[in-house]
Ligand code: IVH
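This document starts with one chain, in the form predicted alone, laid out as structure tokens.
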């Protein structure tokens, strides 16, 4: 339907329309229709969206407002006059009993308040009740049951006609092939829902595609939609699809039967379906009597979206009473009694301008993509880590590419894939350096690692990064010696290495702008106090690869003096809790290096504490004695390090990862893979932050 040249032109046209408020001319409206029709084709037919949901919604609203202002320019084929373009020639088409309309979208409290006012006017009452449920991000379906048996399953299609995919629907175990509907007096019923895919299943599916040399799918929605329209039902069965049913669109009662009382409200209808064995969001639904309660719940739920098994991109708010829904009616595009509250965009497209190579604290060279700034999830993103050379090659990302960018639950943006159909032929392959960008030393790569490294210990970038880490709050906690001051002192030759922190020329510091008598005194005091930090902080501050705060505490508790590690071997280190061969090898390599031992000797001469007076001691009399904890996600009441200190003060211990030894995983906002692993393990007690507080306070 579209040539590659057409696709590039329409994508650039879409971007221009997004970035510029053009006059509402006939030409502009024509362009909007053209790019929206193209976006519909990519989304519904090709399953390869080129625009994010937020970008599409913005263009659609522009067209809608333009046509409202100039109704004489509305045409019969405008996207505002139909639901969507979603039919292919692969399956027979069938008519929905009731058209499958889209939902109008809202993005903030003001939008919801305006919608609430319209609802009250249309319903002619202020006594409204709203039902709120998750908006699952999958592929829409329509199911028909005749005399209690599944007789037809269809895709959304264009909203009026859909593709008949009954054979594939039957492969989804969550969907009942029959139900006790006749006993309820129902001879025929049409149920709407969403085909979804578990996040873990989607992740495994994409890994398999990459291994086969195929491009990863952009999101679980595409995986679900593509699978649903496969020609081989046996292959569909292997994919592990799931379903959530969220609406009864039509039903027929048998002669003499009374409508079940549950079918008076939306909430009641989904609870009723759930009781008959249908997969509905019955447990996730909430009913509210005021829009302010709805708004508060929307904000609360958005912070929990990553803890759900399926991808959710918003919440759907519906007037609960079916009689009021009928009174309010619908437009040709959406029902007036329902609206979607969309969460902050997770994906967007941008252009890869260049790649910079950064040197890390332990010498790893990281390629960083510099893209045209794009707004995702409430922040503007312009830099994205490409991790290592293998990732660059695997994804076939090139300079000049239009790329799909995602900012997921861990809030770190990443490039999902390049949009190869938009390539012009002018894109350039990313060339990895052979020498360090900072010191020009030749890079090395170990056989079992993906990263290239600069092993020059005097590499200036590494020296500065190591000093910043050493002085940081969770290491030696030298306040007033933050990253900016470390860099400044290094640039003017005042600092050259970690031991130099304890031999600063204070006369020179007094001559630096911003360092008055009080500032100098505070820095002096902070440096002096750091000399008595416990051994665990020193071990962490030295920046040994793979040694985090928890591992540093484990190491410190095993020795009386840091220099004992000079004689330790892998076997001895591996006897310590949560220390495997990789960490053990890293510790041995660090203490075997002559220059690192020299740093330790210089630190001793400067008066730094190298000893652990409490070797082998473990508190056994606290309320949490014998219990192990791990924290994941962002905590709201205190820093993670403070929470860990509370556990240790009460006799508990902190583990470095999820394992059979873990008793409690405390989950904050934006929890990641640790939560999924704990759920899979099944033996770990998963606590919210509030539940953890009750334990430590009780």
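Residue numbers count along the first chain shown, from 1. Here the structure is a predicted model, which means the values were calculated and not measured.
Although not depicted, the form predicted together with this ligand is the subject of the following passage.
Trainee: Using heavy atoms only and a 4.5 Å cut-off, determine which of 159, 148, 185, 335 is in contact with this ligand in the predicted complex.
Mentor: Spelling it out, the residue with a heavy atom inside the cut-off is 335.
Trainee: Of the residues 316, 298, 355, 544, which one places a heavy atom within 4.5 Å of this ligand in the predicted complex?
Mentor: Contact check passes for 316.
Trainee: So which of 130-138, 554-562, 228-236, 434-442 is the stretch with heavy atoms within 4.5 Å of this ligand in the predicted complex?
Mentor: Partner-contacting stretch among the options: 130-138.
Trainee: Can residue 321 be called a contact residue for this ligand in the predicted complex at 4.5 Å between heavy atoms?
Mentor: Close contact is absent here: in the predicted complex, residue 321 is far from this ligand, nothing within 4.5 Å, heavy atoms only.
Trainee: Is residue 401 close enough to this ligand in the predicted complex to count, meaning some heavy atom within 4.5 Å?
Mentor: Close contact is absent here: in the predicted complex, residue 401 is far from this ligand, nothing within 4.5 Å, heavy atoms only.
Trainee: Answer for residue 102 alone: is it within 4.5 Å of this ligand in the predicted complex, judged on heavy atom distances?
Mentor: Taking the distances in the predicted complex, the answer for residue 102 is yes, it comes within 4.5 Å of this ligand.
Trainee: Is residue 247 close to this ligand in the predicted complex, meaning a heavy atom pair under 4.5 Å apart or at it?
Mentor: Residue-level check for residue 247: yes, a contact with this ligand.
Trainee: Can you name the residues of 170-204 that have a non-hydrogen atom within 4.5 angstroms of this ligand in the predicted complex?
Mentor: If the 4.5 Å heavy-atom criterion is applied to this ligand in the predicted complex, 170-204 yields only 194.
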